[in-house]
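The chain below stands alone, shown as structure tokens; this is the form predicted on its own.
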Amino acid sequence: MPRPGLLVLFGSQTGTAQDVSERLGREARRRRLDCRVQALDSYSVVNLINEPLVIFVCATTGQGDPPDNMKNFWRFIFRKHLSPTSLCQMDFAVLGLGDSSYAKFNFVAKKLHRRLLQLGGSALLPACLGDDQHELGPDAAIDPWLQDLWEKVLGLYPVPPDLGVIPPGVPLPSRFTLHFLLGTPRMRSEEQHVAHADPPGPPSEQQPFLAPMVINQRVTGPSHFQDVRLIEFDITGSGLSFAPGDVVLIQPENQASHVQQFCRVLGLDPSRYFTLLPREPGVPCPAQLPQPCSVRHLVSHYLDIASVPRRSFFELLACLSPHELEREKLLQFSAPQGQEELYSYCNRPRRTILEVLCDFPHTAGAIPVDYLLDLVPPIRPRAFSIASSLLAHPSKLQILIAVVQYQTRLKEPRRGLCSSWLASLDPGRGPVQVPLWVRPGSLTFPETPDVPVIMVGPGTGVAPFRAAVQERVAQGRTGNFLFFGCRWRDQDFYWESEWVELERKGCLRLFTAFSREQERKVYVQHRLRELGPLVWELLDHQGAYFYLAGNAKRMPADVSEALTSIFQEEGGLSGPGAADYLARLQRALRFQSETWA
């Protein structure tokens, strides 16, 4: 029987599902299977009817939502008119990645598995449900599941006896080769690459807009534990268009000192230029990299050396290591039985790729340069809610960011790559440009003028609601009800004077919860319950829309619980009736949330 190609399709928000998919691709190639690995939305879904063998790797984000790079596929696969025999020729398996502390744990994987069965697909295995909460992370479920998967696949399509399986210790060929130039190009390709005098369309990941930063201001008090910044960009002439609820994506850079250290440990000359060539036909080079490219540009703008390495990093590093003791340790970290030790060494203290390479200097110094793009993942853009209205401020784009910094058992504090990079930029010292583009967010506001909106945004979750209030006030809409929560009125009450002035003008009703200003902590859900009659009146009698934004851990569940209590107390509904009322609001898009971990 001829051996088919394996297709691995992924939906990934933070890169974990992509990493697992690439692991599947490597394991398939070791078993002599041709394998393509693609993001779901980059695959032409109409061709799915011709695919004999597909593995879907899907994360669940927010409150049971699919990742951004599979949303188009998600809409297509749930079309009602699709035939129940559409996928009758396809063997498939679904691998899910989620967090069991959330109510809709692995919702996307479970729902996709059911839908593929409805369309006639044949499941090789039950869906794998990887769990971030497990002490060993998702691999605790993935490892045994993959073992079963390969048994099934090789039962259907055995490895040709004259070839055999490529053993784990033998490195697969690198995806790209780097060809170094003798001199320096006459015009630096990085400058050509970012030039946008005549962009082909609106700014995008492939062609971001280099936005001048004009304001970078700390908005928390000096004694507050967190550094929160209001950052403003000048977007004149950018072609950017956005609405309240949309997000801006920003492509950060590595610290210059980290770039120098990485080059030193690997023995790289940052000033050298190279061209990048794929080994296999049809494999595109990363669009974010100019051709030719300097080593400095590759490391500072593309390689995510400040990220926590995944297990696949240790597997490849072990293959490439010429040093017996270091290789032995790397093999321990990459083996299933070494995952507890790896978690303790790497994940718990949030040790970075750069720090790991410094711990394995003999191995780091011997890494063939062609393997850099296989070993180190690309820097992913970070998404931030837009905190300003294009209608109210046509040439501005503002964001509110919390600078991520925390301590683990390691000496150096852990820092968020993007927030720390943005905080370090000082437009007062000279021109600063930041690569960015926008995309639709998950919040959409009603177009009908007299529909009221209730917005619940504690902390930096208030950012999208500032954009919405600015826009609605500019349109003359006054039914704006904002619930804002923070710790202290005088330390982290963002845009206090703005809200007070809008209240004075009758454009806004503001309800605040300052959690640390009294003995008993008070949060936004407590204010909602106190104002239950108003909330019920707005939702049930005036058709209001309800919005929620902020941290995904406990707050969404607490707010939902407060709402169901209001529906019971003010609307006279039973427990199940209140839950059904909330579900109907969600289906009608009158209850929307945007939350993040």
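Quantities reported herein were computed from a predicted structural model and do not represent experimental measurements. One rule holds for the numbers: they count along the sequence shown, beginning at 1.
As for the form predicted in complex with adenosine-2'-monophosphate (2AM), it is not shown, yet the points below apply to it.
Of the stretches 554-562, 34-42, 57-65, 534-542, only 554-562 has residues with a heavy atom within 4.5 Å of adenosine-2'-monophosphate (2AM) in the model of the complex. The contact with adenosine-2'-monophosphate (2AM) in the model of the complex, taken as any heavy atom within 4.5 Å, belongs to Cys486 out of Cys486, Val434, Leu249, Cys263. Proximity to adenosine-2'-monophosphate (2AM) in the model of the complex, defined as a heavy atom within 4.5 Å, holds among Phe511, Phe274, Tyr345, Tyr523 only for Tyr523. Shown alone here, Lys71 lies farther than 4.5 Å from adenosine-2'-monophosphate (2AM) in the model of the complex, counting heavy atoms only.
The shortest heavy atom separation between Gly459 and adenosine-2'-monophosphate (2AM) in the model of the complex is within 4.5 Å. Using a 4.5 angstroms threshold between heavy atoms, Ser420 stays clear of adenosine-2'-monophosphate (2AM) in the model of the complex.
adenosine-2'-monophosphate (2AM) in the model of the complex comes within 4.5 Å of no heavy atom belonging to His323. Shown here without adenosine-2'-monophosphate (2AM), the chain has Ser515, Arg516 in 494-518 lying with a heavy atom within 4.5 Å of that partner in the model of the complex.
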